[in-house]
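This document opens with one chain alone, in structure tokens, the form predicted alone.
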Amino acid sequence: MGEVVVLAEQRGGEVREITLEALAAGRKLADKMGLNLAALVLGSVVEKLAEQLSEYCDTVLLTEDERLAQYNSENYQRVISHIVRERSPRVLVMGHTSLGIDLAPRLAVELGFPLITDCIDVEFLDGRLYATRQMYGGKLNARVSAREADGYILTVRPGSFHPSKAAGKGVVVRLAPPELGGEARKRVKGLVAPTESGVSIESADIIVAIGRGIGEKTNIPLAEELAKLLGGVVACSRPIVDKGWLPPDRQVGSSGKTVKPKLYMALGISGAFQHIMGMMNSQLIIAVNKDPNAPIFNIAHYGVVDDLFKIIPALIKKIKEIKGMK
């Protein structure tokens, strides 16, 4: 039985969300083609990660080596290309992240596989692989196909697929790493994490996002109060970060983070396509903007054309009344 193999990403010993999303994309292809879905875990002392991922796939391929503890494109490429040649998967899937962008083209050239990047949907039809990806900065969705080949490589955009656990628990299979040869030319000297606010907008169920319409930095506490009452967090569009009012880890959009909360409230955000690319998969989108022609209304499920400084205080007051707060 053939396979669809998904490369797992980890950071600090934790599975990254993009891995579960990539497994969802892989599951769609595997079910269509009647193939096995496998997660490939590389690292050092990562049995815990393998057990966690076994709930999302049929097989977990585990390769451990001290030289795989930190991501190094040379070592990862050697190991993955060796495994691909041995197992001949139909499709190799990875996230469209800094790791995937670095590694996928290298593997495609070495293995001679067609590569489709930044996919927001995937499909296998009549023996050919098709994918949907955005062009012209997100203004157009294009359905593209790859030439017929023995294997394919895909990178999937974060936030485009919804993770779901498998019906049964997958089997963990240990694979011995190939000979990595001498020391890699690249060396990881250390990891420098960006300064963060301590808030993870990617995992939030409720997001109150602010844009230029918030006016001044002194008005941000109004959005923070609403977010707190709703049990959510505050995010923003790029102009707010550019002004230095909120840290970069709060930015939603193509140059920020991709989110898919249960509720996304866009306050004073016009809806440039760069921002929409980062939140369009939210389950419920509510927009408040004075401009009736604001692009955000094209994707909002509910829209309010009015001054947010009238709407938000009234909403805060109503929520407090319902909660019995003064």
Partner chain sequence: MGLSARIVAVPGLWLALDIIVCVKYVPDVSSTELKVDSSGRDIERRGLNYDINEWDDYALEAALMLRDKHGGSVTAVSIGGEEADRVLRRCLAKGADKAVRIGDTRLNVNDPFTVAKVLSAAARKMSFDLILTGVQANDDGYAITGPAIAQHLNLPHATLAKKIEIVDGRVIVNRELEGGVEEIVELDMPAVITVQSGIVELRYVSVLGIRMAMRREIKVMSLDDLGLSSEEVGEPWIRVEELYAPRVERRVEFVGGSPEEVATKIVELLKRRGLL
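Computed from a predicted model, the values in this text were never measured in an experiment. Positions refer to the first chain, counted from 1. Throughout, rigid core stands for the largest set of C-alpha atoms superposing within 1.5 Å between the two forms.
There is also a form predicted together with its partner chain; it is not shown, and the following applies to it.
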Pick from 57-65, 256-264, 38-46, 24-32: which stretch has a heavy atom within 4.5 Å of its partner chain in the predicted bound form? 256-264
Find out whether any non-hydrogen atom of residue 203 is located within 4.5 angstroms of its partner chain in the predicted bound form, and reply yes or no. no
4.5 Å heavy atom contact, residue 325 to its partner chain in the predicted bound form: no
Interface membership of residue 188, its partner chain in the predicted bound form, 4.5 Å heavy atom rule: yes
Find out whether any non-hydrogen atom of residue 168 is located within 4.5 angstroms of its partner chain in the predicted bound form, and reply yes or no. no
Please pick, from 230, 172, 180, 199, the one residue with any non-hydrogen atom lying within 4.5 angstroms of its partner chain in the predicted bound form. 230
Does the distance between the two CA positions of residue 318 reach 2 Å or more between this form and the one not shown, the core being superposed? yes
Is residue 31 one of the residues whose C-alpha moves 2 Å or more between this form and the one not shown after the core fit? no
Large Cα move at residue 276 between this form and the one not shown, threshold 2 Å, rigid core: yes
Just say closer or farther for the C-alpha distance from residue 119 to residue 294 in the predicted bound form, relative to the shown form; it changes by 3 Å or more. closer
With a C-alpha distance change of 3 Å or more, do residue 160 and residue 295 lie closer or farther in the predicted bound form? closer
